[in-house]
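Here you get one chain, nothing else, as structure tokens; it is the form predicted on its own.
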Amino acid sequence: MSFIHLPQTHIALPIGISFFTFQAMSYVIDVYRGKGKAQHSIINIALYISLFPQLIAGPIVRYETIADQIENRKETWEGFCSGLFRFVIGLSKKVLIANNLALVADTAFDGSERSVATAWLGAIAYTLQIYYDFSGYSDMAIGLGEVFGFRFLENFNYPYISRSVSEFWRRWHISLGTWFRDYVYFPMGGSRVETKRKLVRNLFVVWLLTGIWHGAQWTFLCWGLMYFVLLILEKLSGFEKKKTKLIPLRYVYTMFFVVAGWVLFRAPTLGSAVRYYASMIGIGATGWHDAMTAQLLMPNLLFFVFGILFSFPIIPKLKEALSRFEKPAAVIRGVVLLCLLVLDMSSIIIGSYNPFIYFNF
């Protein structure tokens, strides 16, 4: 049996088990380290572990972050409005962008034959889908938390503007990255070790666990090890510290491997991932482009445009510009909120059910 045809595991697990397990572990470890007081109320500890906004798909909330908020949080009208706006933004990311791009990605990945252009279109669609799907859920969780007086830390910081793979992982799924950093990487010595061999060992363990955390499949394991190789090469070569004017090339390099990584992440088996990669470079493809390419691109062109556009920090800059005009800004936010909510509800009613990707992890 060849490696790419290794049998897949099918283990039924509770939804969100990896998220609330990590939260429970962080409580025990933080209390042991003296970073928080032990809770003597089983209700408070149950509230922390089962906090519903982010229970099943993150962000992973550390005990030290909300230890004081559990007993001393304050609900305010400003927090309610801000949280509601954040929730609607997250919902819009999911139902308006992620769900529509999911149709493109599913068609490209599930087909037995595809052209080079269709393969790349599907890979880019999934790259945008998973970002807006997961960051949308995080926005919704953070917004709901704010409605109830909780302040969760950010989970995404525009990862697709990164100029290195290392920077990408500082911006993507921040709560998971910092969890592995603080509870696995640093206790093993981190990067402050005597030899490069120990540095390689530390990164290998972290990325092996990161791959396994996402699922008991060979694709996730190889996905994690792919990033291990890229990160160790960047660290050993001093890639990030090197000054260069070739910033666009750094961006292209980063996004190339990010997109390639998402193909492996999305593929159901290693064999299908290899076949998809082959299609992307023209091996076994039906041609450079075909009718399917136009059929997938043209009806969804607007979603691609908005998906790419809002993966850059445009909204924060708009907020900063509008902050000078307090009353007009409040009116604009209200109108935007209402319009997005109507569009979201319309899309949910007429669309098909499309669960969050990270419910699987």
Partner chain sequence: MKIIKSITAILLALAILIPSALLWSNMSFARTSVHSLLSALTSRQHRLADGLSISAQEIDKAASDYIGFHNSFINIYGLGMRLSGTRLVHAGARTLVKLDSGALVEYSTDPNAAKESADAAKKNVASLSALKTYLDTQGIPLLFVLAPGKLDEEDPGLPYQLRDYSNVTADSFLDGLESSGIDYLDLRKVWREKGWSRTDGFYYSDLHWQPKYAILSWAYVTQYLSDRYGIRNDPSLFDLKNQKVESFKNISLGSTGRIIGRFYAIPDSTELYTPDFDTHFHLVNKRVGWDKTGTFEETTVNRSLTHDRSGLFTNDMINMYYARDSVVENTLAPNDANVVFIRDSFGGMLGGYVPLAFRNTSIVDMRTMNERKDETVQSIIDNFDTDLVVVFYHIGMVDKEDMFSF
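As the structure is a prediction and not an experimental result, all values here were calculated from the model. Under this definition, the rigid core comprises the largest set of C-alpha atoms superposing within 1.5 Å between the forms. Numbering follows the first chain given and starts at 1.
Separately, the form predicted in complex with the partner chain exists; it is not shown, and the next lines address it.
> For the chain shown here without its partner, which stretch in 190-198, 84-92, 222-230, 247-255 has non-hydrogen atoms within 4.5 angstroms of the partner chain in the predicted complex?
Checking each option against the 4.5 Å cut-off leaves 84-92.
> Give me the residue from 78, 71, 240, 154 that has a heavy atom within 4.5 Å of the partner chain in the predicted complex.
Of the candidates 78, 71, 240, 154, 78 is the one lying within 4.5 Å of the partner chain in the predicted complex.
> Exactly one of 43, 321, 330, 308 has a non-hydrogen atom within 4.5 Å of the partner chain in the predicted complex; which residue is it?
The residue from 43, 321, 330, 308 that makes the contact is 330.
> Is there a heavy atom of residue 302 no more than 4.5 Å from a heavy atom of the partner chain in the predicted complex?
So residue 302 counts as contacting the partner chain.
> Just checking whether residue 278 would be counted as a contact of the partner chain in the predicted complex - the rule being heavy atoms within 4.5 angstroms.
Contact with the partner chain, no.
> Decide whether residue 294 counts as a contact residue for the partner chain in the predicted complex under a heavy atom distance cut-off of 4.5 Å.
Flag for residue 294 set to yes.
> Residue-level contact is defined here as any heavy atom of the residue lying within 4.5 Å of the partner chain in the predicted complex; does residue 208 satisfy this criterion?
Result no; residue 208 lies far from the partner chain in the predicted complex.
> For the stretch 190-207, I need every residue with any heavy atom inside 4.5 Å of the partner chain in the predicted complex, listed N to C.
Sequence-ordered list is empty.
> Does residue 319 count as moved between the shown form and the other one, where moved means a C-alpha shift of 2 angstroms or more after fitting the rigid core?
It does, since the residue 319 C-alpha is displaced 2 Å or more between the shown form and the other one after the core fit.
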